[in-house]
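In the block that follows, a single chain appears as structure tokens, in the form predicted on its own.
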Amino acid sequence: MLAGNPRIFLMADPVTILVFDSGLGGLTVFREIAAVRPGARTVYLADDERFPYGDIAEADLIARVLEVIGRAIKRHHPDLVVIACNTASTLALRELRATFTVPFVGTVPAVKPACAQSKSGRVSVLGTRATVTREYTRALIREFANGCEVDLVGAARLATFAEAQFNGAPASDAEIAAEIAPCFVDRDGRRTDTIVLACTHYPLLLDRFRALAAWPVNWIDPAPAIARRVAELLPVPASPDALPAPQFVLTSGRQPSGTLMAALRGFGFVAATENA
């Protein structure tokens, strides 16, 4: 499920889209947006300086997101900002919209479509501990569960495992299996058949999730729905031929390792740019 401003914005081409995440997880969203809006100028901003977000106090996290996004808006002048992070969206999206005039599309746990699709009536929401304990997530369940049993699973290390795998240091099968095991519930005649990936890092590990699953389930990746919302809000840009390659920006100013840079080229990035 996603959150976006209910307006369509008409503007001159090309448009600029800023995609923000605490780390590399938002690349799963960036990839889908690039596919539906290939003629847009795109900037990917990762707050690697403060990654991971799950352990930061709420007030501090809101202040941090506002600070980083504020600097990015001044520097890149985006026409739309995508908050490709469940933790940041569920906590700071309201403050971002109240502070800045640029439209935002957020990312929140896809409880509604998951419960609508479930045949068994048992759904798991796999997210960071911060996301699954937040009232925002519980409110989504109250509103959209529609008779489903929804199990909330807070993973302590999966986002870090996803980052490590992208950097050429994958976690073991046993470590990943232990993180996803609580998602698989067989109780009261209901067996989990749908799992919501409530962190944009997790689709980076989806092949391993499928291989290590206790039984086959439907995994809900929010990225395609976010991209569709971006396409609704922004007009089709001009031909992408004259556009520069997408920008990849780290708040720390560090240069990516050779392994990471090789992976980033698969997303269309040719180099890391200036810090945020």
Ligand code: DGL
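The structure presented is a predicted model; accordingly, all values stated were derived computationally and were not measured. When you see a residue number, it is the position in the sequence shown, counting from 1.
The same protein also has a form predicted in complex with the ligand, omitted here; what follows describes it.
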| property | result |
| --- | --- |
| Residue among S118, S124, T128, T137 with a heavy atom within 4.5 Å of the ligand in the predicted complex | T128 |
| Partner contact for A159 in the predicted complex: the ligand, 4.5 angstroms, heavy atom | yes |
| is_contact(G54, the ligand) in the predicted complex, heavy atom dist at most 4.5 Å | yes |
| is_contact(V196, the ligand) in the predicted complex, heavy atom dist at most 4.5 Å | no |
| Residue contact check: C85 to the ligand in the predicted complex, 4.5 Å heavy atom | yes |
| Contact segment among 46-54, 246-254, 63-71, 224-232, judged by heavy atoms lying within 4.5 Å of the ligand in the predicted complex | 46-54 |
| Within 199-224, the residues that have a heavy atom no more than 4.5 Å from the ligand in the predicted complex | C199, T200, H201 |
